[in-house]
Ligand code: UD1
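Starting off, we have a lone chain in the form predicted alone, written out as structure tokens.
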């Protein structure tokens, strides 16, 4: 089996300079979903027909082992797009799947079942099908081509576009979902026999079906597992609806694997995210990229995690942001914390309210609970970072590193000017400005002398 993905459309209703198939759904280009579903349908020999900004599409998918063909006439129609890829199947004695690049809901399971259907018809009925058309029943079929079948069978007689349909034909609720499997030699024959539309000048794949049935070739319908699979993405609103459907499917998948999701309609989980059982996710959480969350972790409301590893039994409290980092077992993050740039937070460590950690390693059982900035630092285990502590890592030109040994106490509102090293069991008194290394077990105090002038305060307030 081979597959042709049609991705050459202008997408004029999107009103965008970007190719329609590159608009994202949950962080992935729309075309990625179609390609993934085709591969899940056990088809590896795939070509993509491109047109509008072809180089941009080909560049993004250059590592996917695809063949690309260019449709030169952007208004040539769906059959013209297939003709552009004729060299892909002209000498092929097998079946070809044709699917639109804006049909991300056609599942791999449906594609596999369509192939199995062709095989079963041949084995049990002795009929070699020339084509199979994916169809769906819609309560309101407005806007879709209607499938006209032989009474009492799944044999297709023709597909009628709504504008050409009679009143009786418009009452038919079985519609063309726009995905086909054709026997390649008969497809090629039909493509060079059909005529352009007198109205639009386009060549349509529905005319391929009409040619085959009039020729006496057998074309059957195959019902989609879910009616939503028939939904293409033609407008930005379609994109929003499809994204919501895919989002809910992903959330449902993880709930079936043992993940608890509160208010699932508000939760965003991208396709490459991995979750283990007994993870609990609260509303408005966003999980992006290749994030991995291990069992027993709780992710609080409004948190955002991107391309990070969260180990077992971590608590991520409300509205925390974690990017490109690792959080080890039992750590507590947030609320309102930010961790980024390949930071590592050790076991049982606590990064609390309004603390930012950038490109730093925080050791086991170390605590920074309030209003601190930790940048370009290595902090060993059992360290206390007081409220308002700042690691000053930037001198205006270069970034510098800090090292904090074990069991260090850093008092509130201290300023550590990098490069600097604090030895094990060092004690930094609150409010100190530290600009030189502190030896092990030493006390560092750096404060201006406090002057107290009697009764002066009241005089100033009286003024």
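Since the structure is predicted, the reported quantities are computational estimates derived from the model, not experimental observations. Residue numbers count along the first chain shown, from 1.
One more form of this protein, predicted in complex with the named molecule, exists but is not displayed; see below.
*Asks:* Give a yes or no for residue 3: in the predicted complex, does one of its heavy atoms lie within 4.5 Å of a heavy atom belonging to the named molecule?
*Replies:* Contact check for residue 3: no, nothing within 4.5 Å of the named molecule in the predicted complex.
*Asks:* With the partner left out of view, is residue 75 within 4.5 angstroms of the named molecule in the predicted complex by any non-hydrogen atom?
*Replies:* Contact with the named molecule, yes.
*Asks:* With the cut-off set at 4.5 Å between non-hydrogen atoms, does residue 206 touch the named molecule in the predicted complex?
*Replies:* The answer is yes: residue 206 has a heavy atom within 4.5 Å of the named molecule.
*Asks:* Just checking whether residue 144 would be counted as a contact of the named molecule in the predicted complex - the rule being heavy atoms within 4.5 angstroms.
*Replies:* Yes.
*Asks:* Please identify the residue among 271, 232, 227, 330 with any heavy atom within 4.5 Å of the named molecule in the predicted complex.
*Replies:* Result of the distance check: 232.
*Asks:* Could you tell me which one of 357, 345, 299, 177 places a heavy atom within 4.5 Å of the named molecule in the predicted complex?
*Replies:* Flagged contact: 177.
*Asks:* At 4.5 angstroms, heavy atoms only, are 8, 102 and 161 all close to the named molecule in the predicted complex?
*Replies:* Every residue of the spot touches the named molecule in the predicted complex.
*Asks:* Counting only heavy atoms and a 4.5 Å cutoff, which of 387 to 395, 77 to 85, 275 to 283, 124 to 132 contacts the named molecule in the predicted complex?
*Replies:* Looking at the partner contacts, the answer comes out as 77 to 85.
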